[in-house]
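For reference, the chain that follows is the form predicted on its own, supplied as structure tokens.
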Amino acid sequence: MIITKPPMGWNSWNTFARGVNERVIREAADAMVETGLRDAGYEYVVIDDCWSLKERGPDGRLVPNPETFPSGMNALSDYIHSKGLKFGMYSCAGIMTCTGAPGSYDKEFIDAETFAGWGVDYLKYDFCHFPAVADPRESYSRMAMALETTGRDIVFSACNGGLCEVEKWIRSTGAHLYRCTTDITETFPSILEHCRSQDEKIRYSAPGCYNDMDMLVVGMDGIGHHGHPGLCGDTEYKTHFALWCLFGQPLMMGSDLRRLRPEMLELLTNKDLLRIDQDAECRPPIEAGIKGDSRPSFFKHLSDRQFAVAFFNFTDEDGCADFRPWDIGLTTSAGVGMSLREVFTGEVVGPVNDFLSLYVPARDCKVFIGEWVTM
């Protein structure tokens, strides 16, 4: 199975965590259709931890909690598929999941068979309670093989929190994406920490196996398990989403889609940002300036002879972010410049072939899609 673009969808953990249930999942699927998120490309509805009983059944198989999932997983899967969406499930490479439910360690083949029988299309595979004497590479490879033997196409999302230099070996295990960070929270420092942690890791992300900075907190509005009231507003959400798209990340929403504000829906369905994220070549961005600057700019090659240029202000004060074309190899003697169109406002800048400084409000950003022009 080849995954040619970073997956897009929704995951239950950030908002619902232990409170996940069948009704929540069905209503999230309904909301994805009714709001147009499905038509924008978001297709996976993923149940995270806390869906199963604490013990396996007599046949050794995982058992959905009958109180929270009374209809069973086959019925839920059928409902999600009837909406034109795909069904995602959660398990763990350890002996237990993060909340103490049975893990899949040494049970990979029976669990993969169970998931396939439920019509699962996506598996998030965590790393809690992993035996100290075991090899994570072997464990993730074993689950990939188990999924393949089912004969069903299942996206394999490895989630080990960025441990064990995962970016250097995970592609060889058969995983389609891999978490390279700890859990995100709905705070601006957490968003920036996750982004900056990719300076030496983003180079490993490419079609077929994508690195994953964790789920989106866009539109959580302080509600839920990872919600922090008042610590993120629309500006922070805008910067968060722009960064994830620029870095070619899987876009797994974590907010309560049933109460998503129109402003957040507009952001999550911004066609230009999604075009950047879903670009066929999935090239990492180049930081065009002083590396680690608090007001950085980035350049990213896109397919179809286009590119993206982005300006960010990670500080709490308004100021200018600078773009220096020579830092990406473009000199004024090249006779080539850039025509830039801003993805939020439609503002056109250029042609540019020299130093460009743009005013960016605190915690905000400006993102452009560009085309080459002769100077």
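We number the residues from 1 along the sequence you see. Computed from a predicted structure; not experimentally measured.
Another form, the form predicted together with ligand GAL, is not on view; read the next lines as being about it.
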Let me know the one among Ser71, Ser197, Thr99, Thr149 whose heavy atoms come within 4.5 Å of ligand GAL in the model of the complex, would you?
Thr99
Note which of His176, Lys124, Lys300, His240 lies within 4.5 Å of ligand GAL in the model of the complex, where distance is taken over heavy atoms; exactly one does.
Lys124
Is the gap between Phe115 and ligand GAL in the model of the complex 4.5 Å or less for some heavy atom pair?
no
Find out whether any non-hydrogen atom of Phe156 is located within 4.5 angstroms of ligand GAL in the model of the complex, and reply yes or no.
no
Though only this chain appears here, would Val217 touch ligand GAL in the model of the complex if you measure heavy atom gaps against 4.5 Å?
no
Verify the contact flag for Asp183: yes if a non-hydrogen atom of it lies within 4.5 Å of a non-hydrogen atom of ligand GAL in the model of the complex, no if not.
yes
At 4.5 Å between heavy atoms, only one of the stretches 341-349, 48-56, 30-38, 324-332 reaches ligand GAL in the model of the complex; which one is it?
48-56
In the model of the complex: members of 251-265 within 4.5 Å of ligand GAL, any heavy atom
none
